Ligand code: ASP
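Single chain ahead, by itself, as structure tokens, in the form predicted alone.
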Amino acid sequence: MKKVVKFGGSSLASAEQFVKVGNIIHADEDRRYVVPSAPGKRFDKDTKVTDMLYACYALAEKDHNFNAEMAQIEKRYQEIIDGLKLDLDLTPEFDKIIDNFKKKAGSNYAASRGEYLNGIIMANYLGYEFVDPAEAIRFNEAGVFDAELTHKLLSKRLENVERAVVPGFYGAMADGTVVTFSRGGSDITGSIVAKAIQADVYENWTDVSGFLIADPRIIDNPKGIDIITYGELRELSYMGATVLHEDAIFPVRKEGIPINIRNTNSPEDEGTWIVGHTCQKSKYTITGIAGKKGFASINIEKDMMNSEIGFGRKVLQVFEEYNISFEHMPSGIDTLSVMVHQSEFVDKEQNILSGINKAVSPDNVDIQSDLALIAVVGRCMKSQRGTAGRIFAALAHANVNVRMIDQGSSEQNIIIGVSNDDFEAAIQAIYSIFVETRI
């Protein structure tokens, strides 16, 4: 078997954490490809190395002296090296980084050095080959990830490499310009590597034992999720579940490679398995609940709207012209609502309203603001009668007014819109009826 193991920043924040990671890797001979993140926080008020690099480069961009800030970053890595008793000198690497900072190599380059340096340490610690993602993870000239070319290059680069460390979070354009994924992008790198080597399992090690049914900041000690499908995960990740980067599932999904979310600090826990399909039923009707605040709903009314060809296209074209993406679009015979991020919409609202009036001549348009969207997700929902009714009953009992509902055709998710002020109460009510009382 071949396993790719990705370790998050908290798992690699100190020499002590490195030792835990080393023990995990050596405990299974199949763990042959390692994707490290940059060192994260060692304690609550600590600073992540990536943030230190961003701040340091911001000074360099303004031609300010950044020696003291860079010295602090060097100190962080030297503490790890000393703690692991490695014979490793990163001075030449830091000299190169300092020179590139002065040459204004870019914030992407600056941020990527956290993973790059941690990868060098990890490779030395394990005795694995170091593979720089800039060699094989490719972005096009517009800075967009090129999945097809990357798979070709990385598969070839790793073809005869038995054990490797491939730093997460970044790649490069053809000319060598470094480009990063969005924050948390080391998860994506792990998936890319897993696809390239046709791994049997992609293990993603972090500081929690898998996914929880609901946000622990809202629900005290929520139950864990043993197994979840890619489709369910996609819905939950998009709506705020942040254990895994939402784009990390795409490289492995088509290959049928399962992802196992594990806890570096509790390696005995089985964690959560993310799979393409499963006949295993979840313990509860729902698999998980997630949500976000800060939405607005543009509600359009027009008699005989349903018989007007191209009505929906004309409305959405107005949003497209102002570079606003929509989240959901529930509709009726004579009504259409477009849900958008309020922060993106608010400065352009009058232009968009004017555009809608010109495009479709509605009878009425109004806006509801300060809304939250909650996704109730579960592959078992479609085989259970009355799921939506139970949700509404629970919300009514909690005195939560439902402002919008949208159910996907797959019947594995129900999206509910409520006031921002009712967000936490709504999640608590839904969790209670499906998990705690299970009626």
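From a predicted model like this one, the values you see are computed outputs, not experimental measurements. The numbering used is simple: start at 1 and walk along the sequence shown.
Just so it is clear, the following notes concern the form predicted together with the ligand, a form of the same protein that is not shown.
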| property | result |
| --- | --- |
| Non-hydrogen atom within 4.5 angstroms of the ligand in the model of the complex for each of V34, S191 and Y202 | no |
| 4.5 Å heavy atom contact, K48 to the ligand in the model of the complex | yes |
| The ligand contact at G106 in the model of the complex, heavy atom, 4.5 Å | no |
| Contact of P251 with the ligand in the model of the complex (heavy atom, 4.5 Å) | no |
| Residue contact check: G231 to the ligand in the model of the complex, 4.5 Å heavy atom | no |
| Which of 34-42, 56-64, 381-389, 396-404 lines the interface with the ligand in the model of the complex (heavy atom within 4.5 Å) | 34-42 |
| Of K75, K156, K102, R183, the one that lies within 4.5 Å of the ligand in the model of the complex (heavy atoms) | R183 |
| Any residue of 102-132 that, in the model of the complex, places a heavy atom within 4.5 Å of the ligand | E115 |
